[in-house]
Each structure stands twice: as C-alpha cells, then as structure tokens.
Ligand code: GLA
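In structure tokens, one chain follows: the form predicted alone.
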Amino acid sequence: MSVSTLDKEMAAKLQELAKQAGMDISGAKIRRSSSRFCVGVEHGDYNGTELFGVGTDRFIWLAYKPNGSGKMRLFSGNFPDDGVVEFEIGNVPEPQSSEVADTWARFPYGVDYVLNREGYKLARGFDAVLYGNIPGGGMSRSASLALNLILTVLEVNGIEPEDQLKVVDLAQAVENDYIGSPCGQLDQIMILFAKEGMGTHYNPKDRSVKYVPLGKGGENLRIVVMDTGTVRPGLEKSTYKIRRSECDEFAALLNKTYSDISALADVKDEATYKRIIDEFSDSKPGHCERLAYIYSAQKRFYEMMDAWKAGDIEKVGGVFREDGVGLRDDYKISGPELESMCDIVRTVPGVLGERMLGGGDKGAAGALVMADAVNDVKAAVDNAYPRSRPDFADKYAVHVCGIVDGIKVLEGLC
C-alpha cells in the first residue's frame, strides 16, 4: 500500500501533538477517513432517493494505540484547548446534555454510548491523537469523525461489524440519538464505501451499493470545493432540521391518501405529482416547494448517472447546476455566502455546474470544473469573493479535490 507525502507529514504532526498532550503513540496505527462530495441527490437521503457521490481527499487522521485499560484517552489537534478527553468505557454524559453540547468530545462519548447500547462488548481502551483538514460545513466532517471512531473502537476490541451498512446505522445513531443532529445517511455511506476513482451509487430500496466508473472523457473533470469561511452550527440548530421536519410531515400527510407514499421520493409519476401540487399548493405552499425539488432532482438523477457512465461531464455538470437552482429556490436550504460563491464561479468558462453543499445555510459550495479552468476559478474567487463578502476575506479557501478511498489504515508511520 502506497503512503502519500501528506500522510507522512500528518503522521509527524500527530507525533508532535502526542508530545504536546503527554501521550505515547509510538507504534500506533493511523486510520484515515475522507470527506465526501455528493453529486446527487443532496438532501435526498432522508427523503428516500437514490444517492451518488465520491470520497474526496480532505481527511481526518487518527493515530490509535491500545492502552491496556478500560479507558479512552483522546486529544484533537483541531481543538487543543479541550485538552485530553478521558473517560471510562460505558461511563459518559447523558445524550444531548449541556455538558457535551459545545465540545468535540460529544463524538467519542456518543460512539461509546451507542456501541454499549447496541450490545457490543467493549473492554479495551486506547490512546488516540487526531487531526483533520476537512473544511467545516459541506464535506461531512462529523460523519468522517464518527465513522473513524466507531471502526477504531471495534477494531481495538476485536469486534468485526456484522456488515458495513451496520456501521452506517451506528454512525447515524451517534449523531441522531446522542448528539441530537437529525442527519440522514448520505454522508456516512459516501465516505465508508468510497473507492478511489469511482462513484458510489446507493439504492435505499434494497440498501445496495454499486461502483460506477466515470466514462471516457471524465479524466478532464475536477471537483472544486469553495469554503465560504462561514461557520455553520450543527444540523440540530440549522435550517436542515426545519426542512427535514417539513418533508417528514408532508410524507405522513400524503400517506393518508396515497398508501404507497412513505417518503417524498415515492412521488415518481407526473400525474400523482400534479394532483398533489394542485391539492396542497394553497394550504402547504412550502411543503409543495420541497416536493418540487425532490421530484425534479430525482428525475434528473438518472440522466446524471447515464452521463457519468458515458463520460459526458458537461451533462453531469448541467444536472449539478439545475440541482443547485432547486436547492436555492424550492428547497430554500442555501445561504447568501454560498450563493455568492456560486454566482462568482458560474461566470468562469469551463465551470460546468455549481451549487451549495451539505446541510445548508453556511459552509461550502461546490463546482464541477474542466481541468484547464481550475486556475481561472481560483483567480475569480480570489478577486471577487473578498469584495462581495469582506467579513470573510481572510477566512475562505478553494480546494481542488481528488476522488479517493473513504477509509484507510496506515501502519509503520508512528
């Protein structure tokens, strides 16, 4: 297995962080978990749509070493002021308590809580030091961390998960049940199953995962993420929570008349869609707008998949752009800084499509770009974004991302 220069640099950084925290990680393994980029359907997971995305090369690196005790000891280089988080297995604060609301420690606490609740026999603790370069908001930093911790705890305790989708369920439970974030499963699936150079296609009807290579011509496609420099609160404090509630509520209402509709994605034929819009456009206008986005995005999804397989990256980008308009105008989940980024890069020749990413409100936007336009995109953002959003002139960043494996374990670096 090849080890990148960046992995070696991060191993050295983790060793320095361990010294800072007074921890010994000599001989430790490193588990590296990726970020993700959803090509479609953003916000489709909790609405029951099929999903498609890739793992991207912004990571969390976690160096871990069994410590021969029943204690977990963890130090984050991203949150050094929190010091070493230390607790006995099975002895963590109550879910969603004020004690954990504003600390990154809610993730290891949540992993311990969920695994114990689900009957996993945990007895072996470990020392761990971690550091990540995933931008906040839009690339699934929280899902990456939860997956990394779950896989590490299970490995140290000699437990093989029943299957990979069970790991997805556990990671979602950490956020839903312990932290109180109403996330779906898109992020966890796209990270855990990600393969280098491949797209991941997930079908919720049978919980199947398939890999789809990008067709000939796709080698000219680049994924660009534009971090707006804004800080988004957790999903539990954002518009995401409102949108999910609206969609769940509308699906439950529709189910009273249409027994085959349990999620908005079940509205697939045009006649049913038009009947619903006609019936509820006056009484539930916002709910109808949410359905409009899901219905249209789901129809575009299959066009996008065919284009991906064929290497028709202009079509893939066009669908991505249409989804962005729907997320902005119908789903109303974007934000002003996100749209500033989209407006800027849309003017650059070679940008095939752009839209907000992730939970919404703040965070990052994304673009699908021709390889020879990447430098122009960076220049356009550097020129226009600081003038458009001066409060974030020294906080934004542009990331050009590769398509990578979601999870890797690296040995011999510590």
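The structure presented is a predicted model; accordingly, all values stated were derived computationally and were not measured. Just count from 1 along the sequence shown to find any residue number.
One more form of this protein exists, namely the form predicted together with ligand GLA; it is left out here, but the text below deals with it.
In the model of the complex, residue 187 approaches ligand GLA with a heavy atom inside 4.5 Å. Under a 4.5 angstroms non-hydrogen atom cutoff, ligand GLA in the model of the complex lacks residue 353 among its neighbouring residues. The closest heavy atom approach of residue 153 to ligand GLA in the model of the complex falls outside 4.5 Å. Heavy atoms of residue 366 never reach within 4.5 Å of ligand GLA in the model of the complex, leaving it off the interface. Every residue of the trio 45, 183 and 358 has some heavy atom no more than 4.5 Å from ligand GLA in the model of the complex. Here is the short version: of 235, 319, 192, 276, the single residue with a heavy atom within 4.5 Å of ligand GLA in the model of the complex is 235. Though ligand GLA is absent from this view, in the model of the complex it lies within 4.5 Å of a heavy atom of just one residue from 75, 250, 126, 240, which is 240. Across the options 57 to 65, 384 to 392, 358 to 366, 343 to 351, residues that bring heavy atoms within 4.5 Å of ligand GLA in the model of the complex belong to 358 to 366.
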